[in-house]
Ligand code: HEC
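First comes one chain, alone, set out as C-alpha cells in the form predicted on its own.
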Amino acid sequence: MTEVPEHLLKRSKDRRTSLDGGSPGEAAAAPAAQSAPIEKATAAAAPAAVVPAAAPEPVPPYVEAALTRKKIPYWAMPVLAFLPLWAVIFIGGLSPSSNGEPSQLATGQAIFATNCAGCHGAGGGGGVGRVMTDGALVATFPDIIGQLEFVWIGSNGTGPAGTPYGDPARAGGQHKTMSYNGNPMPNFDKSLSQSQLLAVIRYEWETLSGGKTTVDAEGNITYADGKPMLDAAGELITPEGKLLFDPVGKLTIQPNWTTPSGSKS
C-alpha cells in the first residue's frame, strides 16, 4: 500500500473547501463557532448551587411559654378593670386606723370569722344560727345595745327557753330563746373583752345587716349624739359615762327601739 504524501492531502482538502465556497480558516473556525452556543447553553442550563438554609435558632423556654399559655378571655376584661376600684373600696373599709392598729371594723370581721361564722355563715347568711343579712339583724335589734347584751350573756343569760328578746315592735313579733332549730345563742362574756364585743357586733350590725352608724375621728362607733361607747379602759359605757352592763351582764339602761343608740335616726 502506497502512503499519500501529507502535502497532497492538504491540497486535496483545500480544494474541497474552495469548491464549497469557504476558506480553510473559516472551515476550521466553524466547529469552534458551533460549539460555543452549546457551551453557553450548557452553562445557562446548569442549576445554581443550593445553599443549605441555616438551622432556626432555638426559642427560649420563657418565650415559648408566653406564646402557648392561655390568654385572658375578652369577657373578663370588664371584671379586671373593676378590680382596682373594688380594692380601694375594700381597703377603705378595713384599713388600719390612724394609730396603725387594725380598724374597729377589721377587728370585728376577724372576730366574726373565728367565733361566729361557724353558726351564722361566713357572710351572715345563716346556718345553725339565725340569718343576719338583708336587715334581719337590725330588725331584731334596732338599738345596737340590745344586741350587745344578747351576745354578751347569750340565751341562757337572757332567760329560760321561750324568753322574748329584741324589739317588741318587730314585724312578726319578737324572737324567743331556743326557738331557732332548738339551738341556744352562746354567751361571750368569758371569751371576749367588751371592746372586742363592740367590734364584732358593729361588724354584724353595720356591715352584714346594713345598719347606719355614727363614728368618731378614729373610725370607732359612737352613740348617735357622738358620745363614746367605750371608756379609756375599754369598758362599754352609757351616754352618761356609766357602765353599760351590771355585774351579771344585763343592761343598766333600756334600749331605745324608736331612736337606736349608735345610729342616726
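Numbers for residues come from their place in the sequence shown, where the first is 1. Predicted model only: the values in this text are computed from it and were never measured.
Omitted from view is the form predicted together with this ligand, to which the following refers.
Contact annotation: of the candidates T140, Q109, S103, Q194, the single residue with a non-hydrogen atom within 4.5 angstroms of this ligand in the model of the complex is T140. Proximity of A169 to this ligand in the model of the complex falls outside the 4.5 Å heavy atom cutoff. Contact annotation: T133 falls outside 4.5 Å of this ligand in the model of the complex, judged by heavy atom distances. This ligand is not drawn, but in the model of the complex it has a heavy atom within 4.5 Å of G129. For the chain shown alone, P186 is a contact residue for this ligand in the model of the complex, at least one non-hydrogen atom being within 4.5 angstroms. At a distance of at most 4.5 angstroms from this ligand in the model of the complex, none of the three residues I145, E206 and T213 contributes a non-hydrogen atom.
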